[in-house]
Ligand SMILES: CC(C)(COP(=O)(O)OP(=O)(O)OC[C@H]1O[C@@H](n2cnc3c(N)ncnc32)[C@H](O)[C@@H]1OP(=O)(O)O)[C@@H](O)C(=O)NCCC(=O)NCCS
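Below you'll find only one chain, the form predicted alone, shown as structure tokens.
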Amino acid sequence: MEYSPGLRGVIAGETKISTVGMEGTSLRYRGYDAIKLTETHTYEDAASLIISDDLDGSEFTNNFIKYYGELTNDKDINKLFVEIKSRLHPMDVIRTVVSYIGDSDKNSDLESTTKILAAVSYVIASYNDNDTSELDQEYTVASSMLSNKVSTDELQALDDILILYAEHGFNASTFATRVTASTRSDLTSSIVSGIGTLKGELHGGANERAVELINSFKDINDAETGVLKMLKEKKKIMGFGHGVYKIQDPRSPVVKRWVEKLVSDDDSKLRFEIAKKIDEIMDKEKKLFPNVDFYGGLLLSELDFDVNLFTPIFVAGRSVGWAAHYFEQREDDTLIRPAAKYIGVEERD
């Protein structure tokens, strides 16, 4: 049996949800170009498409408003926040809250998904110093995490990155979700598997590391010197290259354009210039392109999110993709059980 480290190139299942990396450049959700969806539809529409194959996000929106409102008035949830927020990373808080709310077998697939997304969004909103209680009717999920007084551009920017985060084939966290689902476990347990997997810096945590790298340089010259030194020392530059895309990550230009549009003060303009310099060096020296995480971290910074909330926002976007894969895997009802190549001692007396 042929061995492929990290299961690279191994086809581990079939899916109707998305096509990732067609010709090394594209991303489609149930046949629709994900990049074009950011131009024509909202995250709620994309989420409804991914879960129910329906681009009308009105039912998704109504369910989200319902469950988000219930969480706001849930004294037990808010008591739990007080107990755990001061000592746990936001990703651990999300994992705990999702486990706590559970799910009901009586809910439809769409209801179950929006309940989990509402919980994730509510946790993110709880870290906001400003009031986030007013939900925008068009950009409902995005508005649940942002201050009530943000601009339409800021709502649209977060909405777009949520669409781009929503689904991405058999990535590590989605595959973990499907493995759990394949045992006939419940949706909540499967989503928690995805959350735990996304926490790793080689997956969802890459946007945090990318911003930390950008912020570590004082100016463009310092960035050039520092990155070249890192490359010489064979250190990994987070936010570049991709395991599937070979030409470019089609999501990255969308995010980069939003960063360029939203930069407002000298500090943020400098960070953007430093980022572009790193991008230029990586292209020249390594022929590597930025993935969605590189400029994604900068965009979330411009939206005033703390670095430790970047991956939780990734969870918010990706939760619908995880859920869709859970339902698809349960319908397939095949236990995922790969073989291992034994490399230890053959026999011992």
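Numbering starts at 1 and follows the sequence shown. The shown structure was predicted, so the numbers you read here are calculated from the model rather than taken from an experiment.
There is another form of this protein, the form predicted together with the ligand, and it is not shown here; the text below is about that form.
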Quiz item: For this chain shown on its own, do 201, 236 and 246 all sit within 4.5 Å of the ligand in the model of the complex, going by heavy atoms?
Solution: yes
Quiz prompt | 4.5 Å heavy atom contact, residue 256 and the ligand in the model of the complex | solution = no
Quiz item: Are any of the heavy atoms in residue 293 no more than 4.5 Å from a heavy atom of the ligand in the model of the complex?
Solution: yes
Quiz item: Looking in the model of the complex, any heavy atom of residue 169 within 4.5 Å of the ligand?
Solution: no
Quiz item: Does residue 124 reach the ligand in the model of the complex, with heavy atoms at most 4.5 Å apart?
Solution: no
Quiz item: Counting only non-hydrogen atoms, which stretch in 201 to 209, 73 to 81, 271 to 279, 137 to 145 is within 4.5 Å of the ligand in the model of the complex?
Solution: 201 to 209
Self-check item: Selected contact from 226, 241, 250, 90, since only one has a non-hydrogen atom within 4.5 angstroms of the ligand in the model of the complex
Solution: 241
